[in-house]
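Here you get one chain, nothing else, as C-alpha cells; it is the form predicted on its own.
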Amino acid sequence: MASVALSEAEKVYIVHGVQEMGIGGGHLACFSSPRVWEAQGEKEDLRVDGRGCEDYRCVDVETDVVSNTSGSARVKLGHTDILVGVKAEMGTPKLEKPNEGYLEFFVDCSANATPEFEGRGGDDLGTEIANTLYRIFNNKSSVDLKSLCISPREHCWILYVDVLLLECGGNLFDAISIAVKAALFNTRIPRVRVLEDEEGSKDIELSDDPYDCIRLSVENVPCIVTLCKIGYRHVVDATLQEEACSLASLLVSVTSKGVVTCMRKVGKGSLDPESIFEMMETGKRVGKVLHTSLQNILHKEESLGTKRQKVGFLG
C-alpha cells in the first residue's frame, strides 16, 4: 500500500489533534481549504484538514465512463482515484450453485498511482483487495445472483469486475467499495431468451435493443467503512498521513440498513474488545449515511439522462 514518510513531530501533531477533538456528526464532508487553528488548539475539528472524526472528504462519483463495458464508475475520494469496469459475459454456473451466476474480481494497482507499484510491487495489495471484495460479496443478500442465471446448470452471466487504482491518497478500501457499488448500479445486462426446438436443443438469443436489459438491485450491496485507530481514538476516511500514525484499522462492511456483513482487522497493532465494539457502532452509523448519500448521487445522475456532462476517466 502507498505510504508516506512523517517526522516524529508531525506524528505527534496528528495524534494529539485526533485525541483532543470532539466526535463528528457522521456525514460526508467537503472542504475547500483547511481551517486556521488558534495556537492553543480547539477541542474539536483538529484533524489536519479540519474534519471531525466521522467526516469523509469530498467524494466525486461518475458512472458510465468506459464505453466498452456493461457498467463503469469512477470515484475520487480526496487524492484517491479509482476506476471500475464491469463486463458481463456468458459462462457455465458453478457446480455447487447451478442456478446462480457469479462475480469475479480483479484489481490492478497502476504504477502511476505510486512508484511502489512498479513491476510487481502492487500484486500483493491487489490480491488483498480482491479477496476482501470476495468476502463482502460472499452472501446471498448482496446481489441477487439467481437473476444472473440463464439456464440452470448450463448458462449464466458472469460479471467480471475490474478495479484500477489510478491514484492512492489513503482509504483505498472505502473508495473501491463505493466505486464497485456505483459500477454495479450502472451495469446493464442484455435480456436473453432461451429457445428450445423439437429435439430439445437450446439456442440463446440476445436482445438487440439496448434498452431491453436487466438492471441489478444494489440496495443490499455493502460499502466498506475503514476506521483507523490513532492514539485512543478512531477516525474514518484517513489520509495517508493519518494512516502512517495508525498501527491498527478495522474494515467494516455495512449495508444501507446498518447491518454488518463482514469485518476485518488490518495493521500490526492490536485492538481491545471495547475499541472494536465502538468502532463497529461508528461504522454502522457512518455507513448508513454513506449509503444514503451515494444512492442520492446515483439516482440524481441517472435522472439527468443524456443532459449530464461526462468528465470521463481522463478528465
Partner chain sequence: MPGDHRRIRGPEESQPPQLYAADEEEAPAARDPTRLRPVYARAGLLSQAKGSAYLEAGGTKVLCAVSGPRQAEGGERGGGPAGAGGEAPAALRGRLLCDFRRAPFAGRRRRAPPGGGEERELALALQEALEPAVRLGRYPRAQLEVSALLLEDGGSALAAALTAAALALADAGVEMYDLVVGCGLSRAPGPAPTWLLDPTRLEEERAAAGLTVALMPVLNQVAGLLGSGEGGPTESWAEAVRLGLEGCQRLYPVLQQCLVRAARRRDAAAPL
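Residue numbers count along the first chain shown, from 1. All values reported here derive from a predicted model rather than from experimental measurement.
One more form of this protein, predicted in complex with its partner chain, exists but is not displayed; see below.
Pick from 69 to 77, 175 to 183, 156 to 164, 133 to 141: which stretch has a heavy atom within 4.5 Å of its partner chain in the predicted complex? Contact-bearing stretch, as computed: 133 to 141.
Heavy atom within 4.5 Å of its partner chain in the predicted complex: which of 65, 61, 276, 289? Residue within 4.5 Å of the partner: 276.
Check for me: heavy atom within 4.5 Å of its partner chain in the predicted complex, for each of 95, 265 and 280, yes or no. Yes, all three are in contact.
Any non-hydrogen atom of residue 128 within 4.5 angstroms of its partner chain in the predicted complex: Yes, residue 128 is a contact residue.
Taking any heavy atom pair closer than or equal to 4.5 Å as contact, tell me whether residue 260 reaches its partner chain in the predicted complex. Flag for residue 260 set to yes.
Does its partner chain come within 4.5 Å of any heavy atom of residue 50 in the predicted complex? Answer no; every heavy atom of residue 50 is more than 4.5 Å from its partner chain in the predicted complex.
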